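Shown next as structure tokens: one chain only, the form predicted alone.
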Amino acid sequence: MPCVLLFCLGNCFYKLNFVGFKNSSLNIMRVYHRPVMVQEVIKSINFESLEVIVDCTLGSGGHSKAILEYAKSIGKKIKILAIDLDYEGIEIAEKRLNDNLNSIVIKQGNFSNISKIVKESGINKVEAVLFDLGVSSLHLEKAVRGFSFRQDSTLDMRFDKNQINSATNVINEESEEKLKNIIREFGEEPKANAIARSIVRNRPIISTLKLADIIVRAKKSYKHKTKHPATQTFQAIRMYVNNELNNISLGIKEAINLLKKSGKIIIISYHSIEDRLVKKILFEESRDCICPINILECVCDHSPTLKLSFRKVLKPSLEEIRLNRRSRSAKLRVAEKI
């Protein structure tokens, strides 16, 4: 059964302007967020043979809503199997997609288990895969989830609230050396040593604003920087708590295996750590040889599974960035299964 697979972790809604897009309901209430680079995503999907879409991180439903509306505008009937790790996000998406519930089935789960979820849903191969990586706007704007340094709350940062390990555990229980490595590896924070040392000295820490204040003081404030001093450390703790890089790697590799011939994998990332991982996997899967450069003769016996649709990364238009500031760091890569 042909279908499209979507991974959407971002939740920012963008108004479509396709020729022939008749349905004006995409001017959705501002309470919902704009999905990033929707035009580019939809252009990457072959709607002619499309029957089923699998949206593996539903978020607030922005991409699913846009895809359903576009399909409707061209007279194409499709079905979406939507998956999200966050129960609260699913509840919001259900309200947003209320008029389309006959075209969508929603499941709770992690996209690292995409093969199992797709198989259990009776789907064998897929025609396209979309990853929309990064923290959801829903998480950042809801103080109680403990993701943001701009609102006070108990440190949490779990996408799945049933998960045991939280940011509170990491901040208060890991060693200074471990914290330093987390902040440096997942946040690319040059002041990782000073921040880790300050965190350990000021324990216990259960408040987001207390942690942010400790980071600011450890970095000597950086008052004139446009980016908040705590940004990279909060990113690092969140990524570690949710095992994000490992899940992304597993999810992309499983998605490639699920794709049928000529199927597309479409990936939107938001910072350099994610994009380097995405680029590495896609480039390796598109090469004839993946031997180390110091090996003179190929011994890897590797065959490419993908063809890059374009070598340069795509970025949002200036108009989209003007309408949605959160899209400014987005990078989109596309490859085709061969």
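Residues carry their position along the shown sequence, with the first being 1. Given the structure is predicted, the values throughout are model-derived calculations rather than measurements.
The next section is about a form of this same protein that is not shown, the form predicted together with a small molecule.
- I83 is the sole member of L179, A255, A218, I83 with a non-hydrogen atom within 4.5 Å of the small molecule in the model of the complex.
- Here the chain stands alone, but in the model of the complex its contact with the small molecule, taken as any heavy atom within 4.5 Å, falls in 51 to 59 among 309 to 317, 277 to 285, 296 to 304, 51 to 59.
- The closest non-hydrogen atom of L133 lies within 4.5 Å of the small molecule in the model of the complex.
- F159 belongs to the set of residues with a heavy atom inside 4.5 Å of the small molecule in the model of the complex.
- In the model of the complex, F111 approaches the small molecule with a heavy atom inside 4.5 Å.
- Residue contact with the small molecule in the model of the complex: S73 places no heavy atom within 4.5 Å of it.
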